[in-house]
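Just one chain follows, in the form predicted alone, and it is written as C-alpha cells.
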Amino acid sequence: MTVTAFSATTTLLTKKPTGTSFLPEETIDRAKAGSPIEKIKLEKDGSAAWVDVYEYARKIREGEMSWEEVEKADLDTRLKYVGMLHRNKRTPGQFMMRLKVPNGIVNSDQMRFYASCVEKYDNGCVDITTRQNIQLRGVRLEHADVIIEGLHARNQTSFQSALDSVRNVVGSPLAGIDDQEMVDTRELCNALNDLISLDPATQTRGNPAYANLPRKFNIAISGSRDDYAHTHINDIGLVPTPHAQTGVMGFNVVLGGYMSIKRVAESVDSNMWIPADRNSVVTLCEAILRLFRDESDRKDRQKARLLWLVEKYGVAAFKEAVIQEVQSYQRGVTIEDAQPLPTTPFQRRELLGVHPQPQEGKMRVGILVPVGRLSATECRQLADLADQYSAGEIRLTVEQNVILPNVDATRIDALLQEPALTSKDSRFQVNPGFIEGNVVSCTGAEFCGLALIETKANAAAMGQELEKLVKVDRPIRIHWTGCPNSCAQVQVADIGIMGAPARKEINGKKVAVPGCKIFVGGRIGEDAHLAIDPVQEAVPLEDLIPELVKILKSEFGAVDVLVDKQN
C-alpha cells in the first residue's frame, strides 16, 4: 500500500485517538499500578510523539529551545514511538533512528536517502540489523522531521519501531527468487506492517490501536525449510507447512521465543495451523496481538512478553482463546491443529555468494557487509550496484548482509569486477571465508550505554584474524553481543560472545578488563536450538582469540592454516 506523505503540520495526526484509548478499563487499571514506563505512557500517551517530534525539531532549529530542554520522559521514552532512541550515555543529544523495513527489502533511492541522513554527522552511519532492518545512527532531533518526511515519501516509516511496539516483520530474503520456496513472504510482511503501523482511518503512519503494548513484540514469517527468518526466537513464528490431507500450503504457528537479561526461551508449538493467505495471517496475528496488548503483564517488564501470557493460560487454553478471538472477527478464517513437518533430508543453504534463481538467466548475489555497518559512501556504492545490476533492489538478511536479486547471469563477471567489490579499500566481499563471512554483531559500546564491551570493531577484527589462523570446512557463525540483552542473538550462534566482567593479573594485581562469556552450540534452521548456558565466563577479550581457536578445533574440526598448507 502506498502511504500518503503528510506535511510537518501533521493535521491528520492530531485527530488520532490515543493508544491508551484502545485499552480496556481493567488493563488501564493495571497500568496505573504498573511499571514506571506504564505510568509515563499514561501521563502522556506515547502516540503524542508523532506530533511532538515535529514541534521539537522546529523549536530547536529556530533557537526556541535546546535538546537538553526536552522533557525527560519524552527524550528517553516517548520519542521511541517515532523510532528515536536517545544515546545519552555515549553520544548525548544524538539518536539512533530505527526504521521499519518489512521483509528486509529496500531500493537504491532509499539507500541513498539513508546516506544523506547520516553523512552530516561526524559519527553518522547506517546499520543493518538482525531483524533485516535499518538503523540510522547519529541523528539529531532538529533534523528528525525532515528524515521522517523523507521516509514517508519513500513508503517507509520509523513510527512504532521501538519501545512497546511490534518490531520489524522478518521474512525470507529469497522471497520470490527461490526454487525451494514454499511461501512468498513479501505480501504477508507488508500486510502485517500495515496492520501494525498504518492508521486505517487517515492512511498515515502511526496506528494508535497498537501504540500501547505491554512490551516489544516480534513476528517472523519463514518462506522455506531454511527458516532464514529464525521463527524459533520470535513472539509469533510462522513455519511453512503443507496441510497433510489437502496439500494446501499454510503455516504452523510457534509462539513466545525471545531473549532478555533474565530469560532466554525458544518458541513453543501452539498446535495451530492456518492457510498461507493474507486474510488468515493478518487475522491470526491481530487476534494474538489483541490478547497480548490487553492481558499481558504491565508491572514487571521482564514478564511482559508473550511467552509469559501463553504459560499463564497454558498452551491449549491459549490456543482456544486465539480461536475464539479469530471467530469473533467473522472473517471466515479457520484455525486447525498443527500439521506434520517435512521429514525428508534438507540442508540449509547459504546466502552469500553467487547462486542461480528459478527465473531463467537470473542469479542472486549475496554480499558480505562486515558486522552490518555502512558508511554513507558504502550506502551509495550499494545503491549504484543495485541500479546497475538488480533493477535498484536490495535485500537485507538477519545476518546483517545484503543480496542483489535478479542479476542477469551474463553480467555476473562484470559485477564481480566492480571496484566496490574488488578494491583493496572496500570492505564488501562476495566470497568471504567461512568464519569472516558469518560474523554478526550488536551495536556495542561505541553507541549503546548498556554494552559492556565494544563489539563491532572487535568482531570484525576477530573474523579476519581467525581466518589467518585456522581453516574450517563449513560456515561457522560467531555472534557478538555487548550485554545480556543479546541483541545479536548469541544463543543461536555456533559460537556466541557476550560482553561480561573479567579480571586479569597485570603487574601482580588483578584488575578489571573488558571480558566476555562464550556460548557454543546454538543452531538455526529446522533443527534450531538455543545454547542457553555459557561454556566459559570472565574471559578477557585480549585472551579470546586463543580460546576461540581451541573451540574451533575441538568442536568444529578446524585445522591450523600453516599445517593445512604443508599438507
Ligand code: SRM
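Values in this document were obtained by computation on a predicted structure and should not be read as measured data. Note that residue numbering begins at 1 and tracks the sequence as displayed.
In what follows, reference is made to the form predicted in complex with the ligand, a form of this protein that is not presented.
Chemist: Would you kindly say which of 395, 319, 477, 305 lies with a heavy atom within 4.5 Å of the ligand in the model of the complex?
Modeler: The option sitting close enough to the partner is 305.
Chemist: Among 130, 204, 390, 108, which has at least one heavy atom within 4.5 Å of the ligand in the model of the complex?
Modeler: For this set of options, the contacting one is 130.
Chemist: Check whether residue 447 has any heavy atom within 4.5 Å of a heavy atom of the ligand in the model of the complex, and answer yes or no.
Modeler: Result yes; residue 447 sits at the interface with the ligand in the model of the complex.
Chemist: Find out whether any non-hydrogen atom of residue 167 is located within 4.5 angstroms of the ligand in the model of the complex, and reply yes or no.
Modeler: Residue 167: contacts the ligand in the model of the complex.
Chemist: Please tell me whether any heavy atom belonging to residue 273 falls inside 4.5 Å of a heavy atom of the ligand, as the geometry stands in the model of the complex.
Modeler: Looking in the model of the complex, residue contacts with the ligand do not include residue 273, since no heavy atom lies within 4.5 Å.
Chemist: Just checking whether residue 442 would be counted as a contact of the ligand in the model of the complex - the rule being heavy atoms within 4.5 angstroms.
Modeler: Contact with the ligand, yes.
Chemist: Can we say 216, 400 and 489 each have a non-hydrogen atom within 4.5 Å of the ligand in the model of the complex?
Modeler: Answer is yes for this spot.
Chemist: The ligand isn't shown here, but in the model of the complex, which of 208-216, 422-430, 139-147, 114-122 has heavy atoms within 4.5 Å of it?
Modeler: That would be stretch 208-216.
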